[in-house]
Ligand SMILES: NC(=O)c1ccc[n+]([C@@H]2O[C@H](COP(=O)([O-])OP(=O)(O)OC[C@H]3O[C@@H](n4cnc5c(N)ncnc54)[C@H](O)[C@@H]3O)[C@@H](O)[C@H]2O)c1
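Just one chain is shown here, as structure tokens, and it is the form predicted alone.
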Amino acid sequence: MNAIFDTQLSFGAFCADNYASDSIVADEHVAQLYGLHGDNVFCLPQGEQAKSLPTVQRLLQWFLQRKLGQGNRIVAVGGGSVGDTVGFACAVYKRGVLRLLHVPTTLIAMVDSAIGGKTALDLDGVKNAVGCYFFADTLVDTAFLCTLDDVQMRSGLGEVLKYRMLCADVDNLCRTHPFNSNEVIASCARYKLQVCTQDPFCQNVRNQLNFGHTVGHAMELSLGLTHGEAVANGICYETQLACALGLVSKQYAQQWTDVVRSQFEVRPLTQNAIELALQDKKNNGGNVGFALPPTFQTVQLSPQTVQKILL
């Protein structure tokens, strides 16, 4: 394993009593749902509201009040917003002296966001405008899924769809297993861990994990879609973009477009979404960065080319 990326991915049951000596951070909904309370529990706002600098400031002040330091562990219990926020706070607190365990409670976090060390905050309406890396362990307990509603489960399926296109093993499992089965979740999580181990800081092969996210993040912000639904839309449009550029065949594009449409409503792409995509972190030199099939490495396209093909 890459020495920089020295993290553990495990599968099992989460019991809060086993972490009484640790500091637990959860969002308000998860804390209430699972009875997480006490002096060692800090509650974040639910959803994207957590991913802000003022929220991180309050969390850092809590770390200081608890006199946390070298060797202390934070247990982040929640979905992607909790993981992003807590990871960022751990990274900047005393230059990263804390240990962190992610306990993802949503499908989207189990298969994707709780693995790999990326942290992010939103700023001035731009998603994930602030962030850094902080590598953490992850404990996946699929029992959390029983509390999710259809909207949250569907959001997770957007990321599962991404892994189907990236990894034949995941795709084969999805053809024979329910998309939220333990086997599918474990396969997605292990694939991401494998990729991140090879490329912790997204210099080459890890770029593939951005597939669907340039358009996806823009549609998430402009239309208020859930992250997974937006990624599924992004996958559809970015596959069409790859086809128009001659990178994949029309048959390939049609096959995966049909898969997306069988699970998600594909929304019209707007000028506003394109403008938001111009602020994506993968952009370079005024061009827009996309991780396009079949190689899923980043391709830089001019805004004019993007607009001409997609609008």
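Residue positions are given as counts along the sequence shown, with the first one as 1. Keep in mind the model is a prediction, meaning the values are calculated, not measured. Heads up, when I say rigid core I mean the largest set of C-alphas that superpose within 1.5 Å between the two forms.
One more form of this protein exists, namely the form predicted in complex with the ligand; it is left out here, but the text below deals with it.
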The ligand: the contacting residue among N128, Q198, N172, N182 in the model of the complex [heavy atom, 4.5 Å]: N128
Residue (of Y191, F134, F144, Y93) lying close to the ligand in the model of the complex, criterion heavy atoms within 4.5 Å: F144
Non-hydrogen atom contact A109 with the ligand in the model of the complex at 4.5 angstroms: yes
L278 within 4.5 Å of the ligand in the model of the complex, heavy atoms: no
Partner proximity in the model of the complex: Y34 to the ligand, non-hydrogen atom cutoff 4.5 Å: yes
Contact flag, G69 vs the ligand in the model of the complex, heavy atom cut 4.5 Å: no
Stretch in contact, per heavy atom within 4.5 angstroms of the ligand in the model of the complex, of 269 to 277, 22 to 30, 251 to 259, 52 to 60: 22 to 30
Sequence-ordered residues of 66 to 104 touching the ligand in the model of the complex, heavy atom within 4.5 Å: G79, G80, S81, V82, D84
S52 C-alpha moves between this form and the one not shown by 2 Å or more, core aligned: yes
